[in-house]
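Form predicted alone, single chain, as structure tokens, below.
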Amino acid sequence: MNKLIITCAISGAEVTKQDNPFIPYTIEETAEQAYQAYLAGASIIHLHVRNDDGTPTQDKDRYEEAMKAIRKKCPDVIIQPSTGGAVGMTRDERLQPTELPIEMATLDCGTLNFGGDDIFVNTENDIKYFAKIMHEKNIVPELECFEKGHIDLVLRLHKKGFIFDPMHFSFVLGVNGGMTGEERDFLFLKESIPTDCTFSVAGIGRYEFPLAELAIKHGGHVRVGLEDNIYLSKGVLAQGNQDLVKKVVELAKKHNREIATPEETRKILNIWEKKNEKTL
């Protein structure tokens, strides 16, 4: 079984310091949270950026500043910017981080009702457009799927030549408007992708650690972080992203899965050859 890749989603675009005071806003806070997660065992930092007041932004310059600060602390970590951005952003606004020399980025593979009047829009043409830009720039897409229909769309676009091998999926479960994060949901998605694909699982809220353990047991990979879940256990706030990563490392030890370094992660995800091509 491959070593376990841990991705840490350190901030997201929605949670605030009122939810958990360790949510990073400033460049310094972002770099420190990334560094602590890296020291704990994360080889990929899933990156959203904020303005200093906490408002989400996809500004390319802000991403560049954050990435440089992270690389000063952990030069070999894989930085995976979000192209999800925040509800209401345009395609090109969301794609700004792809103008930077990055190895990997997220690609959201379907539309969701986020609650109330909020709709996270990802049309088929949006997905084709994002996939085309990433392919042209040699950026590995992490295919974020929130329900089974998203996987079906990816496989159809793969067959038509819009999405390319090797494919790496991320099952994001427990999001409002998407699938819940029960074991049956995980198994349904896992059994719906080709056997030669890799996958990671991100459980939202209370689903984070049960799904992490399932992914570990079934040979998949894990995403945790304050974007997805602000608690270490019921009612106990995580004292930073490192707490969440450390808990996954303990689960991995329980099931005899070793933790992948950034270099090993690049090999597992077939992005090893890109490392020297993309430097800030």
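The shown structure was predicted, so the numbers you read here are calculated from the model rather than taken from an experiment. The first residue of the sequence shown is number 1, and the count goes up from there.
If you look for the form predicted together with a small molecule, you will not find it shown, but the lines that follow are about it.
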### Contact residue in the model of the complex, from 213, 29, 227, 243 (heavy atom within 4.5 Å of the small molecule)
227
### Message
By the heavy atom within 4.5 Å rule, which residue out of 114, 129, 188, 164 makes contact with the small molecule in the model of the complex?
### Response
114
### Message
in the model of the complex, does residue 199 come within 4.5 Å of the small molecule, counting heavy atoms only?
### Response
no
### Query
Is residue 82 close enough to touch the small molecule in the model of the complex, meaning at least one heavy atom pair within 4.5 Å?
yes
### Query
Can any non-hydrogen atom of residue 221 be found within 4.5 angstroms of the small molecule in the model of the complex?
no
### Query
For residue 208, is any heavy atom within 4.5 Å of the small molecule in the model of the complex, or not?
no
## Note on the structure
In contact with the small molecule in the model of the complex (heavy atoms, 4.5 Å), from 147-155, 190-198, 103-111, 67-75, is stretch 103-111
